[in-house]
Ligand SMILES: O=C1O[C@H](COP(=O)(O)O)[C@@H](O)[C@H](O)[C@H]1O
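Only one chain is given next, in structure tokens, and it is the form predicted alone.
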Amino acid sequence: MASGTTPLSTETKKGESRVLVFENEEELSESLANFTADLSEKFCRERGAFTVVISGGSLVKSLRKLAESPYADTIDWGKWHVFFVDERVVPKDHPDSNYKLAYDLFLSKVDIPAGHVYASNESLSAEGAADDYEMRLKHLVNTGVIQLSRETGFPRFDLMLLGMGPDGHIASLFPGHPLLKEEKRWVSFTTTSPKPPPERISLTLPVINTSAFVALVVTGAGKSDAVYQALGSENGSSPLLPVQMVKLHDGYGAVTWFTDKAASSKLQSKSDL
């Protein structure tokens, strides 16, 4: 465990969550880099590829340590395949583009082959972009780049790197939104996102939950209420937040929360988990 962490959950069982709390975002980023590098080594050794899904927002900033020593020089970047958990239907150079954010802060600083970065087709409508992205994922399953879960029938990415909004949303799956109920598609779309821009595509919840490993990266006091509802409250009759719906199907790996003290400030003790 990295220096500076305060584990709120000291045991990790397959298919269950563990929570790591850091003094600050800098220490969190270092631990996240180490975690990601270890999984990269594992999957590159076992199957010759590492499939990574990233989200937008503050998560991308927390990946910066991977572009620094020792990770930049030791990771086998040529075997990485990078996907996006969601995307806004905007041009790639638009300020709202998750691709642009990832490229500016991370992808442009490491040696991942350009052909191994799978952005959505910006020339299509939301529905068309979702259909196209799903078709491309199925092609990569057929060629062996992405594994397919025998249990769920959905693609199993090696690592899903997710952020969370103050309302508990993940990807473009917002509380109470119909996309949360999608059970068949790999990639879905919306033209009515409650957060602008309204047109988006997103991997569906069954795809997220078929991942081998998920890292939930959540920082800042503005997200403390959602963290408490997800991890510390009894919920009662309250509807589940989208982040609470992240539960791995295959039981292959684990969901790991990377949080700072500000985000976890309302979790008082181990009994809150």
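Remember, it's a predicted structure, so these values are computed and weren't measured experimentally. Residue numbers here begin at 1 and follow the sequence given.
Beyond the structure shown, there is the form predicted together with the ligand, which is absent from this document and is the topic of what follows.
Q: Taking 4.5 Å between heavy atoms as the contact cutoff, choose which of Ser62, Ser55, Thr204, Thr51 touches the ligand in the predicted bound form.
A: Of Ser62, Ser55, Thr204, Thr51, the residue with a heavy atom within 4.5 Å of the ligand in the predicted bound form is Ser55.
(Q) Please determine whether each residue of Arg47, His81 and Asp158 possesses a non-hydrogen atom within 4.5 angstroms of the ligand in the predicted bound form. (A) No: none of Arg47, His81 and Asp158 comes within 4.5 Å of the ligand in the predicted bound form.
Q. With the partner left out of view, is Asn98 within 4.5 angstroms of the ligand in the predicted bound form by any non-hydrogen atom?
A. Asn98: yes, in contact with the ligand in the predicted bound form.
Q.
Residue-level question: is Lys109 within 4.5 Å of the ligand in the predicted bound form, judged on heavy atoms?
A. Because no heavy atom of Lys109 falls inside 4.5 Å of the ligand in the predicted bound form, the answer is no.
**Q.** is_contact(Pro166, the ligand) in the predicted bound form, heavy atom dist at most 4.5 Å
**A.** The answer is yes: Pro166 has a heavy atom within 4.5 Å of the ligand.
Q. Given that the partner is absent here, does Lys195 sit within 4.5 Å of the ligand in the predicted bound form, heavy atoms only?
A. Residue-level check for Lys195: yes, a contact with the ligand.
Q) Of 184-192, 112-120, 167-175, 68-76, which is the one stretch near the ligand in the predicted bound form, taking non-hydrogen atoms within 4.5 angstroms as near? A) Heavy-atom contact with the partner occurs in 167-175.
Q. Which of the residues spanning 62-100 lie within 4.5 Å of the ligand in the predicted bound form, based on heavy atoms?
A. Contacting residues: Asp86, Arg88, Asn98.
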